[in-house]
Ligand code: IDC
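Presented below, as structure tokens, is a lone chain in the form predicted alone.
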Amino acid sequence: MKQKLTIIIAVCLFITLVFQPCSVKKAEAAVSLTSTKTAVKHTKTPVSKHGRLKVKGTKLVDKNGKAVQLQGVSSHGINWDVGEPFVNEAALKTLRDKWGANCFRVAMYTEDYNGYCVTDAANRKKLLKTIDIAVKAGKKLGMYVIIDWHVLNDQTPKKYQKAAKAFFKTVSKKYKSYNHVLYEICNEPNGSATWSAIKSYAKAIIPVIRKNSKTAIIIVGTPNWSQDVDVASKSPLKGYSNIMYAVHFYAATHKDSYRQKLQTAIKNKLPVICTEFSACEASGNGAYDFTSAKKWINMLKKNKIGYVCWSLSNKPESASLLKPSCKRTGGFTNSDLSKMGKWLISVY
């Protein structure tokens, strides 16, 4: 009986020793799939560490001249209820401390539903208030904030140039003393919007901002939904400082030929920033291509080009970082995240 007991104990010990490493590996894999991160303890916030940013050569640099890579998240359109509720301090704090973001882009559509240029005065006031919430939260949390004039269905920024001048006069005056605010003056020119027309628009808007804010970073969209940075690189704006040019990509649609456009812009020494991207198709929906997305991210990291992911929303589409079932507007947990959201945190 003792002999049998000894054999049983020996077998149990053998099984424990053999299978324990496998159990550990499975546990580690389970942890990595949750895409959660330990909360960051900030001795210095991103803005207190880097201060007001500027453009030096092709790079975005900080107060000490050291290259800085913005790593951010964009709101969905704040004129929709899938965008506006998520613009708040609690949400930005989660992005900073749990997701690893140092930048938030607040996207305000110009022509689409309830857009700034087609809505009434009361709603315009509400849109400005939402932008103010983002800017103030960013100031408190030490995060950079991009104010985005979200051209889309209006195609050319020239269509609402007068309204854009009035808008940027208002916000640049209001936030002239804020060193964490950047201005994106035309999201995605498209259709018949040529680089020549975009340059003409930029030349009208930049002086309006510069009258109030002498050094804030100004981001100019490029043709073909901000993909043709190669075209912009052959004829950049002259005589202005702290100007960057936007490139956008949706990795399941935009692959090697579009990365080559960016490579051309880099070769031509154009200061580029990616203010919008996702791993899905250009529609904001459809399948993900995480392999293509990783190629983009690796390219951006290699060249110290900042990037901002679309979008902090629970809209039922592939690009949303939150599940449609998410009811929280801040303090998001792993169970609130979409597949895209989990992937993003693993990259950031």
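Sequential numbering from 1, following the sequence displayed. What you are looking at is a predicted structure, and each value in this text was computed from that prediction instead of being measured.
The protein also exists as the form predicted together with the ligand; that form is not presented, and the subsequent description refers to it.
Contact with the ligand in the model of the complex, defined as a heavy atom within 4.5 Å, holds for exactly one of Ser213, Asn102, Thr94, Asn187, namely Asn187.
Although the partner is absent here, Trp80 is a contact residue: one of its heavy atoms lies within 4.5 angstroms of the ligand in the model of the complex. Within 4.5 Å of any heavy atom of the ligand in the model of the complex lies no heavy atom of Lys49. Shown alone here, Trp296 lies farther than 4.5 Å from the ligand in the model of the complex, counting heavy atoms only.
Although the partner is absent from this view, Thr291 stays clear of the ligand in the model of the complex, with no non-hydrogen atom inside 4.5 angstroms.
Contact with the ligand in the model of the complex, defined as any heavy atom within 4.5 Å, is confined among 50 to 58, 283 to 291, 297 to 305, 64 to 72 to 283 to 291. In the model of the complex, just one residue of 231 to 257 lies within 4.5 Å of the ligand by at least one heavy atom: Tyr250.
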